[in-house]
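Just the one chain here, the form predicted on its own, laid out as structure tokens.
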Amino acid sequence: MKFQIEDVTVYFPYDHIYPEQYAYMVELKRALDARGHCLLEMPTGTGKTIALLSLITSYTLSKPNNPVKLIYCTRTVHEMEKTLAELKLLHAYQTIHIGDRARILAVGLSSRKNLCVNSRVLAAENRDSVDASCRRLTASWVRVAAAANPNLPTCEFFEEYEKAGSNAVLPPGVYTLQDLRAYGKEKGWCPYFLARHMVQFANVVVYSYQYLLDPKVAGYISKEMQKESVVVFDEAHNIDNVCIEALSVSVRRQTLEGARRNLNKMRQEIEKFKATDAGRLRAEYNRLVEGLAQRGNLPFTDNWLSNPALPDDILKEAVPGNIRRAEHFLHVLRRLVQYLEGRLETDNVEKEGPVGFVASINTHAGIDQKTLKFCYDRLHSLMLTLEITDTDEFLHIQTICDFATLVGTYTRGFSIIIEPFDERMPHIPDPVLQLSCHDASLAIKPVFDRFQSVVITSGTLSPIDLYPRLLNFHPVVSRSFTMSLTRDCICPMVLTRGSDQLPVSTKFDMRSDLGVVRNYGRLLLEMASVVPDGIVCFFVSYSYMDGIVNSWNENGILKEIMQHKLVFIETQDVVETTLALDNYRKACDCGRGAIFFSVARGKVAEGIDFDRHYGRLVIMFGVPFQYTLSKILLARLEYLRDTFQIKEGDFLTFDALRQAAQCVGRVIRSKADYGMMIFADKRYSRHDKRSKLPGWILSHLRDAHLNLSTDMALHIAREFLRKMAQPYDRAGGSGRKTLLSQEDVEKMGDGILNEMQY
């Protein structure tokens, strides 16, 4: 369908549109017109992706003189492929209506592991090894040597790509990762380097959060992106955690031992170069005197990770004199490694700010702040000079230099925390030194500053007013939308006690109480006997899940549950979990029914959908608070309290409830779907906890469903399932319309918006 939103003709590839999609587009257009940032919360399963893509591509078409580039960030490769598939559909629809004017180039960009077509490189098992294997065949010095000696291996796909020169371009179209690989094979070109090159010219780029938020990656992938771009962070409820991880570094004993090995190997390489090619080291020294900015543009293949923190003005400075010579630099790194080894030899937990830590390094190891700041780039330069391609072997020394640069650059927003062992296993010595970032705004600030509009959107952004404070920005639009439904297909319940009227909770003092464990088991058993198909259970942690499943096994509850449905469990092993999920789906498909045990902060809680018969009920056992004795969490809470005046309790509750909402949201993925959500913990009946759930869940949570025991919940579940078994009127003839045709949209104008927002 085709309709107007003010001065923009929106091309939408379906015959009907949901009212909330229309309202979402109007708010998004307001943000684009204002050239500002926005926060939009839209219920899961209401077509958020296609609404975003339709509006932004149509907006670009309406402004041909000032085209807007769309940078769409997803969290997983699976989400990236889904987004590109939607875009393909939309692009085909626009081409039918306006022909060549709709032509765009859209590419997905992922790591070499996902794009490489060279079987020798792909034989490596993990991402770092694939990257290193690629460099061994494509580094500029390897190719120079291969030109002189044809027996040296190179990558035929990269060679063909280089040979094609300026002709190596992608014709307009929408390319998924699979399309890129197929095109690369057909032409004999390397899809990874082709996609990297085309990112600059594409109208739409879809890639991972890290390409914008992690400075090491953003520095060489995203630095060319034009300012007139709209950046979308989809499924962005955890964006603050992604920002913090991008700037945090952990150093263990293994890291330091590996760094020592790396330094010894580099020393041997330097000695070798001194004997055979001393001029190269001298040339590097001279270049460093002039400053890092003078090093010019490196060949594509030699580009390694950028600096984790350096602002541009520092690049114009000369590298400090004491690390210009390669031997001196290695000597400085040895002293740093030795100092860190000494700091790990501790029996107590230590916490320090960056300023104090840098002063201590200066006193004990004689390395000043400026030297630390340049460590990462100096290492990069040295590895290029020494022509090192096995970058995966040098990850340890990279980690140390990453740590040094961050600690030398930032004076606030970080803590250095040294722990002699993991508190949960105090009998196993495992010392770790962590440079922990507490301020999510540090990683995302360059994105807000540089691009004209940044859209942060998800199904669970409640309470929405906390995000501007956490990320330190001012949105021009901040909105939450409800879900328009012809029938109440979501049934949330708060269960506070078992059939014996004893309260249930995963509070620390109650979680191992046998009465609570038994009541949780009886709840699942009763539900398994009446709910058809799939049931998903989320526990607060792996250790709690292990404990409770063991107890159920000992007292026979698990055996009774398995008479109704098969049971599958998520583990920390990705392959095992994938296998369990596949078998869970098979059991649901064949009508046997199944139960999936998962963890609220595990892999399954984030990217996996349990739509239709794969999830008719989700039970959230407890409130998924973070481990509150974690020193890193305590340091972050203290920072948030002092800097942004966010109380510890408020942040912990906000964080736990967005995670709970994310878990239960897995059950409903479209309006034709239906499902129940049980929040099994007495704490959910408190208003301060419950009010932080997204509005689209709260609007279906009736007062009568707030303080239930197991038998009352069972009665409600039976009634709900009976109601959902009736024929479903999709168009909503019975009352309120939830599917709007083109005429409805034209008639409606803005009236719908007031209804949709709250």
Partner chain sequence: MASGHVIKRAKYKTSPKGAGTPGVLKMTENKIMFKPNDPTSASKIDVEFRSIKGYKNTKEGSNNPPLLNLSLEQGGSYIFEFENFLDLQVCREFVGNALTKSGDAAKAKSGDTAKAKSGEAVATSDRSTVTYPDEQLISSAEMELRIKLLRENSELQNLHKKFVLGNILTESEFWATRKKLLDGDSGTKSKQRVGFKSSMILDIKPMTDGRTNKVTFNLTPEIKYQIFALKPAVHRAFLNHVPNKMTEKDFWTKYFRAEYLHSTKNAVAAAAEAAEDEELAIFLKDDDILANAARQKIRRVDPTLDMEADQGDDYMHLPDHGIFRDGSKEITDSQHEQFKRTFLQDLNRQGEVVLEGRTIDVELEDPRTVAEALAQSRQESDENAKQERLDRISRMTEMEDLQAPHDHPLAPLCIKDPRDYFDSQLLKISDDTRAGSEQLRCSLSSEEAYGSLRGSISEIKAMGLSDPVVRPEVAVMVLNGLTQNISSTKFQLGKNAQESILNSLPNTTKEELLHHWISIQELLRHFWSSYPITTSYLYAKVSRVKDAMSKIYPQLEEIKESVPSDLRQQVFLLVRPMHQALDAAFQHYEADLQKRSAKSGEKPNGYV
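Numbering follows the first chain given and starts at 1. In this text, all values refer to a predicted model and were calculated from it rather than measured experimentally. Just so we're on the same page, rigid core means the largest C-alpha set that superposes within 1.5 Å between forms.
Beyond what is shown, the protein has a form predicted together with the partner chain; the following relates to that form.
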Choose one stretch from 94-102, 682-690, 158-166, 587-595: the one whose residues place a heavy atom within 4.5 angstroms of the partner chain in the predicted bound form. 587-595
With the cut-off set at 4.5 Å between non-hydrogen atoms, does Leu739 touch the partner chain in the predicted bound form? yes
Interface membership of Arg612, the partner chain in the predicted bound form, 4.5 Å heavy atom rule: yes
Does Ile632 reach the partner chain in the predicted bound form, with heavy atoms at most 4.5 Å apart? yes
Find out whether any non-hydrogen atom of Gly36 is located within 4.5 angstroms of the partner chain in the predicted bound form, and reply yes or no. no
Mind checking whether each of Asp214, Met545 and Glu576 has a heavy atom within 4.5 Å of the partner chain in the predicted bound form? yes
Position in contact with the partner chain when the complex is considered in the predicted bound form, options Ser250, Ser512, Ser140, Thr643, heavy atoms within 4.5 Å: Ser250
State the residue from Val432, Ala145, Val355, Leu502 whose non-hydrogen atoms include one within 4.5 Å of the partner chain in the predicted bound form. Val432
For the stretch 558-573, which residues lie within 4.5 Å of the partner chain in the predicted bound form by non-hydrogen atom distance? Leu558, Lys559, Met562, Leu566, Val567, Phe568, Ile569, Thr571, Gln572
Large Cα shift (2 Å or above) at Phe654 between this form and the one not shown, core-fitted: no
Rigid core superposed, CA of His78 - does it shift 2 Å or more between this form and the one not shown? no
Against the rigid core, is the Cα displacement of Arg335 between this form and the one not shown at least 2 Å? no
